[in-house]
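This document starts with one chain, in the form predicted on its own, laid out as structure tokens.
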Amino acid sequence: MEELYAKFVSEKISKTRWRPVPPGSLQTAETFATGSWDNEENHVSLWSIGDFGNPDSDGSLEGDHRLLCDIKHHGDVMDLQFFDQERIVAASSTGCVTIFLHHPNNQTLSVSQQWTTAHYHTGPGSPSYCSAPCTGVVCDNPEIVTVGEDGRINLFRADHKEAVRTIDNADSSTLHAVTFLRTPEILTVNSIGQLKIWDFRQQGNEPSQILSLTGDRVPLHCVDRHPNQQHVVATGGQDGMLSIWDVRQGTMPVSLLKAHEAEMWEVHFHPSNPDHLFTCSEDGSLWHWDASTDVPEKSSLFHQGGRTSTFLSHGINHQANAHQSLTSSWLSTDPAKDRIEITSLLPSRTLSVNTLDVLGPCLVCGTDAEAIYVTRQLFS
């Protein structure tokens, strides 16, 4: 892989997301958004990579990501998602959810809509209203789902002032992240190691399914769904382990993979090449997991493959089904054949890598070292 270009931006980056490329378009990713945290003043910012890494007119190498525009954000940016080409949804530590609108003509961002009290604590011991951080957001136009430290799930529509649906006591613990399984169904992960599936077609406030890690109730911080196989889900948590789940069967992960040395903050399947998966951690590492079948057979399970690559076997395997390996390389059943190549993408350890996103050949990540790293050549 070609080098990652670093830009130091004078604020800690909590979230970063590529702007989606229009369906059917041959464009590659060119614009990404970032959100900051733990700064005196936080921002949501839009960046362009333009002719990134190519010599510009005077022959010098153009390796910088260029700030297009930014806007102040009240509180830490806890999550960030593009709603469409022009709109970005930000989740705040103040419990507020904001839709920002990008105006490309004059390169500005403005507040298009806001739900100021989306998440809050109530009840004994707290004042009548006390804000709770909104920890996660997921968009499927026209719907936006948010989760928070208050254990609440909200379903918003971009053109509605009020929530379309709220599940008030969805969880007695903090909900850390949310993803759509399919349009009416979402999956949440919480601070006691549980995955819960919710079906908005059902009227009640109970999940339709609960899965959990046995034994230690290790908090789960992140979740992503396989882009083609909606039953395959990856999670990461406080112990740095990567867990792969098949939500169709059993209540435990199909495999647990020893990964980072500290909290895993984000996990993402590559949207168009899902045999590749990416994780980042509090320990300052950013990893590329390659489970594609062309990883060469090795005589040893633990093979040192090049400068930063290792082959690991799956730690555990449950519910062995012969057809699983045909459906997804992540549900493989034979540990002896099941090798995953792991490559470290950052040249040296840094402070926490809080966030990453991948689109086509492009990857972006953001750190507590106030740096944004970008590459346009993931698979070269």
Partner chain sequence: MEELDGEPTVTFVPGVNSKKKQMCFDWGPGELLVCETSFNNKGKSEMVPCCPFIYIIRKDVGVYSQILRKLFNESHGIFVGLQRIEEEFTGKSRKAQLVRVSKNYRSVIRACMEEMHQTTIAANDPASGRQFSSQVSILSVMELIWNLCEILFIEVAPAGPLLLLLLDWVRLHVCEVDTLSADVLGSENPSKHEGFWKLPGNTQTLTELELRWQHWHEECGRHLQDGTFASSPPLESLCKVMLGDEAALLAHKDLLSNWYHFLVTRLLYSNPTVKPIDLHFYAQSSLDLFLGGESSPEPLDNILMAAFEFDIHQVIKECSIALSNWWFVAHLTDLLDHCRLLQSHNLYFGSNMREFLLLEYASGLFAHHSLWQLGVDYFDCCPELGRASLELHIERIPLNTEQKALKVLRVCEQRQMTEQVRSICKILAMKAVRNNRLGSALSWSIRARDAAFATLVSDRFLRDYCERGCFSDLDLIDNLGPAMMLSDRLTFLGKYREFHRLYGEKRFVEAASLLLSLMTSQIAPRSFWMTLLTDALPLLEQKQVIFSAEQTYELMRCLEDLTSGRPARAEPDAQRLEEDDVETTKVEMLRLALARNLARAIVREGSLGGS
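As the structure is a prediction and not an experimental result, all values here were calculated from the model. Numbering follows the first chain given and starts at 1.
The next section is about a form of this same protein that is not shown, the form predicted in complex with its partner chain.
Using a 4.5 angstroms limit between non-hydrogen atoms, residue 78 touches its partner chain in the predicted bound form. With a 4.5 Å cutoff on heavy atoms, residue 221 counts as touching its partner chain in the predicted bound form. Contact between residue 194 and its partner chain in the predicted bound form is found at the 4.5 Å heavy atom cutoff. Residue contact with its partner chain in the predicted bound form: residue 212 places a heavy atom within 4.5 Å of it. Checking 136, 151, 253, 274 against its partner chain in the predicted bound form, a heavy atom within 4.5 Å turns up for just one residue: 151. Taking 176, 225, 73, 102 one by one, only a single residue has any non-hydrogen atom within 4.5 Å of its partner chain in the predicted bound form, and it is 176. Between 155-163, 138-146, 111-119, 186-194, the stretch whose residues reach within 4.5 angstroms of its partner chain in the predicted bound form through a non-hydrogen atom is 186-194.
Contacts with its partner chain in the predicted bound form, taken as any heavy atom within 4.5 Å, map within 254-286 to 261, 262, 263, 265, 282.
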